[in-house]
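The chain below stands alone and is given as structure tokens, in the form predicted alone.
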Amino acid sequence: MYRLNLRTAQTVEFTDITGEVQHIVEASGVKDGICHIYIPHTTAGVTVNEHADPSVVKDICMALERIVSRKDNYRHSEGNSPAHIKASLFGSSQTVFIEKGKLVLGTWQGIFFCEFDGPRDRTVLVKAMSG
């Protein structure tokens, strides 16, 4: 298992980690199998989505704010309930196939770490497995 350490700078932030995950796959030596990406945080997640046009991420963030407003009447005493809800909507893991040592992603797809309670130091766990 590999650890990818990140430092986020904003409350809500999507960080394209595709290149780093691909480097981890290459370092693992796995040629055909799966790559599992896991986020061990309750206020962050991971998604696969378009990384060619940065306006897609901006649109996702805008829609998330409408769906889970920071200004609602939440009960959680830490004040970060919206981050917990957004992380639950996105999920804490993704699995991507590996073929010939490369991540199998669509032409426009990338892997994003999703920060919902930043800025923070974060960890992404990545495991490439043959099979």
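Position 1 is the first residue in the sequence shown; the rest follow in order. Model, not experiment: these values are computed from the prediction.
Form predicted in complex with another copy of the chain: not shown, discussed below.
Is there any non-hydrogen atom of Gln94 lying within 4.5 Å of another copy of the chain in the predicted complex?
-> Taking the distances in the predicted complex, the answer for Gln94 is yes, it comes within 4.5 Å of another copy of the chain.
In the predicted complex, Arg7 touching another copy of the chain (heavy atom, 4.5 Å) | Looking in the predicted complex, residue contacts with another copy of the chain do not include Arg7, since no heavy atom lies within 4.5 Å.
Tell me, yes or no, whether Gly101 is in contact with another copy of the chain in the predicted complex, where a contact means a heavy atom of each within 4.5 Å.
-> Contact check for Gly101: no, nothing within 4.5 Å of another copy of the chain in the predicted complex.
Please check if Asp59 has a heavy atom lying within 4.5 Å of any heavy atom of another copy of the chain in the predicted complex.
-> Answer yes; at least one heavy atom of Asp59 falls within 4.5 Å of another copy of the chain in the predicted complex.
Residue by residue through 111-131, tell me which have a non-hydrogen atom within 4.5 angstroms of another copy of the chain in the predicted complex.
-> Leu125, Val126, Lys127, Met129, Ser130, Gly131, in sequence order.
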